[in-house]
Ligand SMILES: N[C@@H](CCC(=O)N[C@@H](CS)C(=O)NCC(=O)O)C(=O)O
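Presented as structure tokens, the chain that follows is alone, the form predicted on its own.
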């Protein structure tokens, strides 16, 4: 069977893994997981005990969770093309460093804002969380602008796993409307460039259940019950 990526909607951080799979050309399928209802269910916890997305069900029935692990798995299977780089090389270290920044500082900056949206809070609590999150997002954007150093891409001379992960997180600003991205010219150019990528357009279409044209190895969607059946068969 082809690997199955479990992706969360709406606005899941699994977006970057879909983009990376499209870029990789590897065969894969997708399984839609509604948040927070399905992702926190006991049924889904057979796939991911933490109740999170993304997760990747491999051909042998084993699973990988966490975006960083999934992205590096994709990279390891595409060594030699424009996406994968060999562990131990300077290029890998630079990629890993950028991914770590995106996964900690950039991703986590939005955490208070999502908490304020998703949980019942009194007015003072919501105001405090929103202010804290806004400051964190602004700071993360300033840092990422400096890291870009007027380059076209986050790492190297072309799109990488870091750019795939970046676009899935950066779009959260469109929901929360924290910063005017145009204040960060290099970051804004990268975000706009990524919107033109066929893989990004495909991921957006998949999330919104629109007609989606794959430029990669997409083999269709499966529902959670079917995916769990495959997990049981393979285990």
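Keep in mind that this is a model prediction, so the values were computed, not measured. Numbering follows the first chain given and starts at 1.
Another form exists, predicted in complex with this ligand; not displayed. Remarks below refer to it.
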query: Only one of 78, 130, 103, 96 has a non-hydrogen atom within 4.5 angstroms of this ligand in the predicted bound form; which is it?
result: 103
- prompt: With the partner absent here, would 13, 36 and 67 each sit within 4.5 Å of this ligand in the predicted bound form, counting heavy atoms only?
  reply: yes
query: Is residue 184 close to this ligand in the predicted bound form, meaning a heavy atom pair under 4.5 Å apart or at it?
result: no
- request: Answer yes if any heavy atom of residue 191 is within 4.5 Å of a heavy atom of this ligand in the predicted bound form; otherwise answer no.
  value: no
message: How about residue 52 - does it come within 4.5 Å of this ligand in the predicted bound form, if we only consider non-hydrogen atoms?
response: yes
- request: Tell me, yes or no, whether residue 110 is in contact with this ligand in the predicted bound form, where a contact means a heavy atom of each within 4.5 Å.
  value: no
task: Choose from 22-30, 193-201, 59-67, 206-214 the stretch whose residues reach within 4.5 Å of this ligand in the predicted bound form, heavy atoms counted.
output: 59-67
query: In sequence order, which positions of 158-187 have a non-hydrogen atom within 4.5 Å of this ligand in the predicted bound form?
result: 165, 172
